[in-house]
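First comes one chain, alone, set out as structure tokens in the form predicted alone.
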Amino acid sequence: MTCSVLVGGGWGDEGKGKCITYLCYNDKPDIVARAGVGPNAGHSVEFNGEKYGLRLTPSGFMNMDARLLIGAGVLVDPEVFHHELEYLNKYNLKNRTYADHRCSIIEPQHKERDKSSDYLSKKIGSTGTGCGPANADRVMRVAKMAGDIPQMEGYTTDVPLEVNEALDNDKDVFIEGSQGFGLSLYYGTYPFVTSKDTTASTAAADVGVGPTRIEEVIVVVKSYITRVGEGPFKTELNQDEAEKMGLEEYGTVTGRRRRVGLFDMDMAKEACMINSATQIALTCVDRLFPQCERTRDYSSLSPEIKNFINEIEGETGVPVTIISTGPDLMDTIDLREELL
């Protein structure tokens, strides 16, 4: 039995979708459970030459034997939920994707409140997906629950019961967080943050798993760092500098151009400390070091890249076990066996 949690170590956009895809396809967990805020955070997944942008469906969907669950702590927009069931129909999502019956529902009025708020839309840089107002209604105890609306009939379950029974029966569970550590309501760059905590502890709570059941915490960091929206960014490059380095990105949900900066070691150290990281997944190495694109052998990496990895391990005290060298599933160096 293993229970692993994966979370972002930056402001989102770290390449979590690629890491989740690789780990779930390679390790084949019995349950892939989605934690996090809700449909305001997108995961990009490339699999078999196709690219998918997801906002609610667990990114481990390509593991056809896995049950795909959305934890009670995650906000559900029924429109997004059913769109993704259709969008990924060839992966048989309708027969294996369920939200906890206690998930709060995002209604049209939440999206209207989100977009009409100058403070949220202009100062904070909200995605406009209704998550902040929906979480506010949850706190005020007036939110609708997934188990109480017709749109979710037949698609709800008791996620904590399923997850804990699976662990009791020596099955493997993978919990995927969304967004990133820097957007945590508690530990991020407040007030330029999301509407709840985004750490591994809360990801576990989102799906109803206690701390003693977690075996691995994987923090994903990108070899440079990006953020969408407003807020402090101490290592930020101007757009001309970023373009010269070939670092130009756009948000999965918003389509907004991401701000780009150099790797922030202080943020990585804090993310590893507060999340109690046991492993680091380092992504987009090929973007910073193009010579290593699609490399799958650690020994073939340049001394410059290895020094960068060694510095991260030395500063954080956490081993780098997954190295992503390209967007495809197999563009991955997996060093986890070396820990055994």
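Bear in mind the structure is a predicted one, so any value in this text is a computation, not a measurement. The first residue of the shown sequence is 1; numbering continues from there.
This next part talks about the form predicted together with guanosine-5'-triphosphate, which is not shown.
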Which one of these stretches, 76-84, 158-166, 141-149, 171-179, sits within 4.5 Å of guanosine-5'-triphosphate in the predicted complex when only heavy atoms are counted?
171-179
Would residue 315 show up as a contact with guanosine-5'-triphosphate in the predicted complex if we use heavy atoms at 4.5 Å?
no
Contact of residue 258 with guanosine-5'-triphosphate in the predicted complex (heavy atom, 4.5 Å):
yes
With the partner left out here, check for me: in the predicted complex, does some heavy atom of residue 283 sit within 4.5 Å of guanosine-5'-triphosphate?
yes
So in the predicted complex, does any heavy atom of residue 27 sit within 4.5 Å of guanosine-5'-triphosphate?
no
In the predicted complex, does every one of 15, 44 and 324 come within 4.5 Å of guanosine-5'-triphosphate, counting any heavy atom?
yes
